[in-house]
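There is one chain below, alone, in structure tokens, taken in the form predicted alone.
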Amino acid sequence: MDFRLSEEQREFVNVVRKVCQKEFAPRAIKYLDGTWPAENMQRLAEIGVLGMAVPVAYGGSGLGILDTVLVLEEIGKVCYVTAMAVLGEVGVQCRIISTYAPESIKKKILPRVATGDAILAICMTEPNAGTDVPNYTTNTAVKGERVVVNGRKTLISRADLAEMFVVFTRVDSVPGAAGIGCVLVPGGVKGFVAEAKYHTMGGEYLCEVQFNDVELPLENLLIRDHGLKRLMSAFNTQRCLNPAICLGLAEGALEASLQYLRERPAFGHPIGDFQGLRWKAADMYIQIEAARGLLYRAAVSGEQFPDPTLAAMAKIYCNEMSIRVTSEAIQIHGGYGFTDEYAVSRFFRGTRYGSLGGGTTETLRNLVGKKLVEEMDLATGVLGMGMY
């Protein structure tokens, strides 16, 4: 197994890192009030980040999931709000469009995503159903060459800004998992309402979205019959990108803590001279490296979308690891760590989202447990599960 990055990957990550550290870190605090990081997004478009998930034919670079993980990790080290904004452009919604949308829609929207001129959003969660996708009530009725969308979604990122929405929907009121499909809804179309309703502890605003007899061309119905399996397969991408941000937040917290350990004096010495604090730093780093190994392996596990079990395990571990590491970083900083002015406070608040979005860690444990109990070959053990 070769765990080294290619020279091209290293060069791209270094470019992103320099931009993040020099330009994004100094202004990260101003996005706590929910301000959209427009200047950061434009800068990332200029260096090719926003086109990573866009195929070359539509003006992007068509990079793989590992490349996207590496970039989100670097952005997460300095600014959670910007990392989440980028996730909306390089994540599952862009990949669903590039995989399932007709050519006319791809040509219209994907080049604008790559240049930073079009913001995407995904609509999954409903007021009474989050992870429980088969019980979504938003419905798209097919009427000849048109479709009509009705329903409500909640806790939606960027809904007050997005140009295009990838909406998980029931189709023709078919019940259960068999009825789940996907429709593409342009922002601002008649009957569409988005309200920025919730301000999060990480700094983002989340919205409530309503579809009131939204009428669209039939081609906007991207996935129609028995789409849940295809949609959730694509969604495994998100289960690598969400933890990439968590990994970056943990790394940013460790980097800030190491600087503080070297500079903060106590009892005539830098506090990093004390064994107890060195052990804290060591444990933080060990957990980060364990998470990195799981995540990178999951990111390269599939040709198009990641292996669902590996993605689930990576997400669980990265989500929970980042909470532990960022919390320890606050402890190292003492009272300063509890203030907005020190980045570790912002890292801790941002990372708390990880285990909630993209499938809760409890739900993903069920997925991993099912794989183990029902599918492991007792003769070959875990190596026989096909993940090596």
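So that there is no doubt, residue numbering starts at 1 and follows the sequence shown. Just so it is clear, the structure is predicted and the values come from calculations on it, not from any experiment.
Absent from the display: the form predicted in complex with a small molecule. The rest refers to it.
Enquirer: So in the model of the complex, is the small molecule close enough to residue 353 to count as touching (4.5 Å, heavy atoms)?
Expert: The answer is yes: residue 353 has a heavy atom within 4.5 Å of the small molecule.
Enquirer: If you check in the model of the complex, is residue 341 within 4.5 Å of the small molecule, heavy atoms only?
Expert: The answer is no: residue 341 has no heavy atom within 4.5 Å of the small molecule.
Enquirer: Using the partner position in the model of the complex, report whether residue 39 sits within 4.5 Å of the small molecule, counting heavy atoms only.
Expert: So residue 39 does not count as contacting the small molecule.
Enquirer: May I ask you to state whether residue 131 is within 4.5 Å of the small molecule in the model of the complex, using heavy atom distances?
Expert: Flag for residue 131 set to yes.
Enquirer: In the model of the complex, does each of 84, 156 and 366 have a heavy atom within 4.5 Å of the small molecule?
Expert: Spot residues vs the small molecule: full contact, yes.
Enquirer: Identify, from the list 206, 271, 174, 118, the residue with a heavy atom within 4.5 Å of the small molecule in the model of the complex.
Expert: Flagged contact: 206.
Enquirer: Based on heavy atom distances of 4.5 Å or less, which listed stretch (120 to 128, 296 to 304, 253 to 261, 138 to 146) is in contact with the small molecule in the model of the complex?
Expert: Checking each option against the 4.5 Å cut-off leaves 120 to 128.
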